[in-house]
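Below you'll find only one chain, the form predicted alone, shown as structure tokens.
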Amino acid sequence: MSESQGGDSPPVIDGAFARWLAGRAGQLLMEVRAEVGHDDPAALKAAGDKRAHDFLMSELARLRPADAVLSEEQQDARGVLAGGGTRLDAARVWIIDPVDGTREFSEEGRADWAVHVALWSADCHHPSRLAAGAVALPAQHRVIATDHPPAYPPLPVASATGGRLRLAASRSRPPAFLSALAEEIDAELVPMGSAGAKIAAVISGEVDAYVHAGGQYEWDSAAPVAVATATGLHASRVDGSALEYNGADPRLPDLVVCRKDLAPRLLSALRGHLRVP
């Protein structure tokens, strides 16, 4: 990985710890890809999910034993805490996705899959209460995290020269309204795999925005949203309301992430397509 993952000893600070966890889980996933190969995609997906999930759960139990966990692979993880209470009573909850974009992970040559590690804290003053987060993009050899957030993205050349905007879109489940939205704001759709890879593309300036509606969960966006907001980008529901995490129902079905200068235009267009009041 080209960006720091910390040393061999797990960092104490939460942001650096999230980077350390995501980076090492990503290394394990690259090893699984090499060991299992791509001939049986289902077997590769299962092996990757298990290896990364087991690692993250083991290290969180060892190094943050008082915290709760919400994971895609184990939604009721530590549902009852050691000292009593449940995840919803916990002051700190790690929201993780061991492999975001399992389809892309199983396809040889694809790099648009990720590992998500985020920390929700009741004491955090940000509306999302995401206190730390990291996204590993192992096949892109990078980890982005809140401990050293990336610089605010440069205006893409096409946008800066009056060209079309670029919207990251799901390869398999683009919202039904997205083509019409793109036509209205004169944008080009850029299909990609995982939500983490799409938001990372907004953070890097590769695309201008990512819009999703119609089905996601908290673990799909918590870590990349934590990094995006630490960078200074706009992140909200498609109606402009705040993203909220650690809910009783982990579904968080829509979001938009973009540069702040683009947010008013994009949210206004979305109101027309979604009939948002």
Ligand SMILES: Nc1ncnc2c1ncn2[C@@H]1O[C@H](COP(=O)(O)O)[C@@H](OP(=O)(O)O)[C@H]1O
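In case it trips you up, residue 1 is the first one in the sequence shown, and so on. Quick caveat, the model's predicted, so the values are computed rather than measured.
The form predicted together with the named molecule exists for this protein as well; it is not shown, and the discussion that follows is about that form.
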Non-hydrogen atom contact Y217 with the named molecule in the predicted complex at 4.5 angstroms
yes
Contact of E72 with the named molecule in the predicted complex (heavy atom, 4.5 Å):
yes
Tell me, yes or no, whether R173 is in contact with the named molecule in the predicted complex, where a contact means a heavy atom of each within 4.5 Å.
yes
Hey, in the predicted complex, is T102 touching the named molecule, heavy atoms inside 4.5 Å?
yes
Students should find that, of I203, I144, M192, V93, the residue having a non-hydrogen atom no more than 4.5 angstroms from the named molecule in the predicted complex is M192
Segment assignment from 229 to 237, 53 to 61, 25 to 33, 206 to 214: heavy atom within 4.5 Å of the named molecule in the predicted complex:
206 to 214
